[in-house]
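Shown here is one chain on its own, the form predicted alone, set out as structure tokens.
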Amino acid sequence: MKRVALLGCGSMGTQIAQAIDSDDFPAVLTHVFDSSKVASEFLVEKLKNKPEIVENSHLLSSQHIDIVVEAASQDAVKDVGLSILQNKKDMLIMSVGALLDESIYDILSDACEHFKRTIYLPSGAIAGLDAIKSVKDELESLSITTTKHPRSLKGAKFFENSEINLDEINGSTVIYEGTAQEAVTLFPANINVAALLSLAGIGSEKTKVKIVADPNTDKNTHHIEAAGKFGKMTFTIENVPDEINPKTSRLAILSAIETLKKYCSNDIQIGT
């Protein structure tokens, strides 16, 4: 049975931990860490099988585990990603935007090769990545339009230098247009899907991103368009926001759980 460590005990980390804690999951959660020890303790209290709380994030990968699941932040990936791989542990990353920093991507990619480890990036809140990857050499354009309720966008770095007041938006409003490279910096908790899409396709500078705030929606919607020599593909995904953290879609959490389950299982595998 695979042994799992969890980095980040917020809404997403908690739900991943609870899935592992269920009777039919082929893994055991052995260690957890969060920058807030209170969050770690609160999570552990909810679980039947009590993992150990470690004192700092670097101690996670020094334990007898197989994989570290990151559900914390882009900064957490940058801080501990290399040490996890150096300790010869695999890693599942939810804060994919960290990898659009080319230096971080190159360091972690080289470490995977050197230490014979693997980083897993779940499909998250979008679909169609298998198809995008299969045609990436023939892609000529790739874009994603994300529509969310204004409350799901609050707190983003973008608004520190913007005159947009989310509380005053009364209809569907485009608040941002740019590249995936820029978007994941300005909306680090909202638009990891753009980072993932760009990594699967034609890169972060060529992947176009539009973000729409709509007070009349109760979904997180992602509309993807891809075109090239192969033809054209469009995908539209309407996600239910997570009840605890509306910045995250329920599908993103389910995707992480399924990716981890696939990692831990010896079974017929469907898709990539």
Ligand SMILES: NC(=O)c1ccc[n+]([C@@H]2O[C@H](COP(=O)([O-])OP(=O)(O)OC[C@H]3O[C@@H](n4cnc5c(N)ncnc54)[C@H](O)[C@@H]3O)[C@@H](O)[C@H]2O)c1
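Just so it is clear, the model here is predicted, and its values are computed rather than measured. The numbering used is simple: start at 1 and walk along the sequence shown.
Beyond the structure shown, there is the form predicted together with this ligand, which is absent from this document and is the topic of what follows.
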Check your understanding: Does N192 reach this ligand in the predicted bound form if we count a contact as any heavy atom within 4.5 Å?
Key -> yes
Check your understanding: Is G124 close to this ligand in the predicted bound form, meaning a heavy atom pair under 4.5 Å apart or at it?
Key -> yes
Review point. How about T236: is it within 4.5 Å of this ligand in the predicted bound form, going by heavy atoms?
Key: no
Check your understanding: Is Q63 close enough to this ligand in the predicted bound form to count, meaning some heavy atom within 4.5 Å?
Key -> no
Revision key, fill the gap. TL;DR on 228-236, 46-54, 26-34, 206-214: the one with heavy atoms within 4.5 Å of this ligand in the predicted bound form is 26-34
Practice item. Note which of A200, L108, L142, V96 lies within 4.5 Å of this ligand in the predicted bound form, where distance is taken over heavy atoms; exactly one does. Key: V96
Review point. Ok, T147, S83, S73, T173: which has a heavy atom sitting within 4.5 Å of this ligand in the predicted bound form?
Key: S73
Check your understanding: Going through 1-21 from first to last, which residues have a non-hydrogen atom within 4.5 Å of this ligand in the predicted bound form?
Key -> L7, G8, C9, G10, S11, M12, G13
